[in-house]
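Have a look below at one chain only, the form predicted alone, in structure tokens format.
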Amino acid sequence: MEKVNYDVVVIGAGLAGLMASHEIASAGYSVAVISKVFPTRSHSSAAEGGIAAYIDGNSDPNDNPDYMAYDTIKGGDYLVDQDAAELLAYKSGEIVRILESWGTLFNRQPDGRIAVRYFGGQTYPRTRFVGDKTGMALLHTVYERTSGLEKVDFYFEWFAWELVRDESRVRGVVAFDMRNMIPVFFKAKAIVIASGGMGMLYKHTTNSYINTGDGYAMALRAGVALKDPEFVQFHPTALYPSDILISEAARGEGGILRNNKGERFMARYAPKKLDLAPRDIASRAILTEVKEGRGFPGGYVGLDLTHLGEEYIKERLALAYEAAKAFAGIDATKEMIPVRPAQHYYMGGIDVNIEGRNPDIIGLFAAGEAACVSVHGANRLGSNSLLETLVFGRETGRAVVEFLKSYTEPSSDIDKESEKAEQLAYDVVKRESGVHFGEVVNKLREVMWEDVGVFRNEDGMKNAISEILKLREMAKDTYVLDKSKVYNTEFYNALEMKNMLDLALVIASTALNRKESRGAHYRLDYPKRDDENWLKHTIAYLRGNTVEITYKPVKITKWKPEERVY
């Protein structure tokens, strides 16, 4: 197998991966960025509504970073590590100023300052935006900045498959050139996993097709723990029936959720915040309305923007307007947009500290949605994810630089381990007949939606685990129809299937284990939060078909847990 050498390999070219790459390459170290897609097609581009930031002199006069940290902690139902929330809040203004100086064209207030809007769970408005295409604007800015650095090489349309490690250190990653299936061993001193989320595990998701949980599964197979894997976020306003995201900006600008009676039903579930309740509460409210007969046929409610006016909608919510018209045939200036909850984000992830450093393997780092810094806890607030990618992408990049300054080259040979990783990929698809991988994936997505979704209970999650174990057995007999080596997308879809199955077992097992309701993890059989027994992080390892679970304390600095009401 061909081998190339870099100081660092970054897996993923979204905002977190690019920001980390920028920091590392600016310090003079060589970086390979591996991505399944061209960088500006990474999923960061799909983030619409904005990036949260407290900016001194450009925020509500009553606001401050401590309020922002508190909102994040409360929004995360107190499973947030509070040092991480404070870092996020105190760095937020600086990071937006940097992106502005790099060229991001934020919307403006009449006096020229960066405009701001409310998002769910915010005490004061803090979300900065570029219309409702903020992620796209930020991603183009950071890509332009990073791609100009001499020390960065981009490998786009490459599939990162398996980490290569020795007894204690990560030594590189085996990746395939998706154009021709040629494997290459990227040998590196450090690896940053910034591969994004896992929405394709669910039947209904706002995520793109590339989000198949590759980084999480890669880490699990290398003996690395996931932290809080049971916490999956469902966004309340996915367009019915396509599940395309209708940004929370729509409610931030004044959009109202209504049932089939025309009622503003959020008054029943969040009397103070109403439609700007956090996503977990709004998602459960919508499904409750539907279940109790106040939804529309098909299982959705309406998002009413009509009172905002055509000019305002087309200026501030252009993407929502265009999506509703193109994919649901709805003119949002005259009719309600049909919406329902769909999987949107993953609070769990690779266990790292606030520097992005993983404690299981020396030299392994993670950032962005792939990581669990514990800044979102049990439920992420809207517009905190773009901020997280940039703040913690930068922190991770800086930590990698410090790691490289004292790096010593191991003497052991690692080439045989890379060959094993290559063979593992071919083992997934070497059969000529059996079960087509698509059958396995479709069944998995159905099971996860029905039994490990917005509402959970013991019987459902036990059923999910049983079904996932059966699917893992079925997967041993899967095959692909395409035998060519030219853009063989079936081959990579089959590898993604294995990643999805590994991750699904960990999610379902840890969800069954947590016997309480907290944030996005809502159990009908344990409907209350239980701080006495469950104010702790789940740490989960995958050993064959067994999920080993331990715990880690939540870091509390200032704010004691209290009842979470809106």
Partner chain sequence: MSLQNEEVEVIIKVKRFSPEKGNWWQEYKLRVDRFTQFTEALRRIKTEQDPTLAYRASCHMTVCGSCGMKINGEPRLACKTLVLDMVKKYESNVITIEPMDYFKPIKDLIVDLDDFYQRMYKVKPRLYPSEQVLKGEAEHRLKPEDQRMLWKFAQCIWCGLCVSSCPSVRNDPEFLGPAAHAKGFRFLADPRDTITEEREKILLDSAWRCTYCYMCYNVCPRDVEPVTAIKKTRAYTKIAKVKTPVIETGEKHTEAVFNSIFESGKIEEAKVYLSTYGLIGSLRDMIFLLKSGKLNYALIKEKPVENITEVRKILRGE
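In this text, the rigid core denotes the largest set of C-alpha atoms whose superposition between the two forms falls within 1.5 Å. Positions refer to the first chain, counted from 1. Just so you know, these numbers come straight off a predicted model, no measurement behind them.
Below: the form predicted in complex with the partner chain, not depicted.
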Which of these stretches, 430-438, 356-364, 461-469, 166-174, has heavy atoms within 4.5 Å of the partner chain in the model of the complex?
430-438
Would residue 207 count as touching the partner chain in the model of the complex under a 4.5 Å heavy atom rule?
yes
Residue 536, heavy atom within 4.5 angstroms of the partner chain in the model of the complex
no
Considering non-hydrogen atoms and a 4.5 Å limit, does the partner chain approach residue 144 in the model of the complex?
yes
Would residue 488 count as a contact of the partner chain in the model of the complex, using a 4.5 angstroms cut-off between non-hydrogen atoms?
yes
Among 240, 118, 321, 155, just one has a heavy atom within 4.5 Å of the partner chain in the model of the complex, namely 240
Note: exactly one of 30, 40, 513, 26 sits with a heavy atom within 4.5 Å of the partner chain in the model of the complex, namely 40
Which residues within 88-115 place at least one heavy atom within 4.5 Å of the partner chain in the model of the complex?
97, 100, 101, 102, 103, 104, 105, 106, 107, 108, 109, 110, 111, 112, 113
Once the core is superposed between the shown form and the other one, does residue 438 show a C-alpha displacement of at least 2 Å?
no
Is residue 300 one of the residues whose Cα moves 2 Å or more between the shown form and the other one, with the core superposed?
yes
Distance flag for residue 298 and residue 439 (Cα, change 3 Å or more) in the model of the complex: the two residues are closer
Have a look at residue 51 and residue 256: in the model of the complex, are their Cα atoms closer together or farther apart than in this form, given the change is 3 Å or more?
farther
